[in-house]
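In C-alpha cells, one chain follows: the form predicted alone.
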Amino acid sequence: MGETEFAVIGGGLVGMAVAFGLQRAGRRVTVFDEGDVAFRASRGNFGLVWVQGKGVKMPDYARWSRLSAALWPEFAAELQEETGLDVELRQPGGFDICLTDEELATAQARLEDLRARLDGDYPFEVLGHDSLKKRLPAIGPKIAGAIHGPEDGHANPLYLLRALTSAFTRRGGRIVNGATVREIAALSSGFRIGAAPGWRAEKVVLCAGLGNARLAPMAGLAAPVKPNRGQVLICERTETFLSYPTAQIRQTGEGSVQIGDSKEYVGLDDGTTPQVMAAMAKRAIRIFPLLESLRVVRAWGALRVMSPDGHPIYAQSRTHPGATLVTCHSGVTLAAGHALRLAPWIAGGPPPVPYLETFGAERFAFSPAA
C-alpha cells in the first residue's frame, strides 16, 4: 500500500492547481487521475479568465473571482519560470456582446445591482454599437453593444494543465494515472484510498468534478453537483481580428477561433447536436460577419460541473477530519486563487478570505454522512 500526506482526487485544472499549491507549501502530495475515461471539463473549456457577471446572486463570489484574476499574472509568471511554458495569459479586458437593446439593458441592470451590493467597487463599462466598433472594428452592424469588463482575460487551458503538471512533478509530486477511486474509507488515522493499488493518505482533497457527487458522502461531505453541457466550435486559423476575449467568441494565440456560449442540462451526454451548433454559428456570424467565410475544423461538447446555485463549494468535513471538498465550474479563472490562496488553507493555514464560509455546502441544507 502506497502512502502519502495529501491525496488529491482528480487531475484536472482544479485538482492540479490545488496539488501544485500544496506541493508549493511543502506538503507531500499524490494526485489520483482517472484518465481519459473521465468527463474532463479541463480539456473542453473556453479558457476565459473571467470576472464579469460572476457573483450577481452571491457578491462574495464576485470578490473571490476578482481576487483570483488579480493573482493570475503572478501565477502565470511562476509557472513559466519553473517550467518554461507560456500559458498565454492575456488580460486586456473582455466584452459580453449583446445583440439587442433589451439584452444590453438587462446585462447593465444586473451589473449595476452587483456593483451596489459591493459598495460601488465593481468596474465595468457599457458601450453602444458605435463605441464598441471603435474597440472591435470587425463587429457586425446588427449588434446593440456590449459590456466591457476591464479585469477579464483568457489563457490556454491545455498549456495551463501541462504547466501545472510539470511544475507539480518537478517539485516532487506524484501522479497515479488511470486511477479510478471507488472508495474512501476513514481509518483510525487518515484515509484508505480505494484505487489499484491501494493507498493510505493522512488527508484527502476531493477535486474530482462530477465524481465528487459520489465520493463526497464517503468523507462526510456533500457535493450536489450536476453536469451542464457546453458545445464548442473551432474555426480554422485566420488573421488576428479579435484582440480581446468575449463571452461568446475568442481568438486563440495560434489564430484559431473558438465559438461557444451554449448551456444544456442533458445528463452525462457530452456529445454535440446540429441544432445547437447551428444556433451558435448563426449568432457568431451576426457578431462578426467575417466568420461566415471560415471553415469549422473541430467541434465538441464538454460537461461543466455545476452546483445548485452555480457557485463553488469549499468545505472541510466535520465527521472525517482531514477531508476537504473543492468543486467549481470556473477552473481556469479560479486556478490562481486555488493554487496561491486556497491550497495553503487546505494545508492547515488560516482561511484565505474572511468570507470563505460563504462557499460551504451548508447553504444547500444537507445532512453530513455518518
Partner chain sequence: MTENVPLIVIGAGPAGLCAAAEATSAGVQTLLLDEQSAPGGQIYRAMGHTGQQGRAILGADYTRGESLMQVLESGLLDYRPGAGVWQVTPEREVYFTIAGKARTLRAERLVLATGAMERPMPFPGWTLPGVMGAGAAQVLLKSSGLVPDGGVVLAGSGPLLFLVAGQILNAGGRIAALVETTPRGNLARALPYLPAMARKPSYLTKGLALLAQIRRAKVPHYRGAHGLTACGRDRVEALGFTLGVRAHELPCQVLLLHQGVTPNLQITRALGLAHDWQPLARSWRPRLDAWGCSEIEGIAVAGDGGGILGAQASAHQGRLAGLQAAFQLGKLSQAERDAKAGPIRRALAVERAARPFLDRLFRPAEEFLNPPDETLVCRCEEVTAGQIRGYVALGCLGPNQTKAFGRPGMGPCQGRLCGSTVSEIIARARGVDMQEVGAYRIRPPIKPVTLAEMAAMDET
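Note that the structure is a prediction, hence the values are computed from the model and not measured. Positions refer to the first chain, counted from 1.
Just so you know, the form predicted together with the partner chain exists too; it's not on screen, but the next bit is about it.
Here is the short version: of 293, 189, 243, 100, the single residue with a heavy atom within 4.5 Å of the partner chain in the predicted complex is 293. Proximity to the partner chain in the predicted complex, defined as a heavy atom within 4.5 Å, holds among 144, 105, 71, 299 only for 299. Proximity of residue 235 to the partner chain in the predicted complex: non-hydrogen atoms within 4.5 Å are present. Heavy atoms of residue 130 never reach within 4.5 Å of the partner chain in the predicted complex, leaving it off the interface. Mapping the unseen interface onto this chain, residue 80 falls outside it, with no heavy atom inside 4.5 Å of the partner chain in the predicted complex. Contact check for residue 214: no non-hydrogen atom falls within 4.5 Å of the partner chain in the predicted complex.
The candidate stretches are 217-225, 275-283, 200-208, 145-153, and the one lying within 4.5 Å of the partner chain in the predicted complex by heavy atoms is 275-283.
Shown here without the partner chain, the chain has no residue in 54-76 lying with a heavy atom within 4.5 Å of that partner in the predicted complex.
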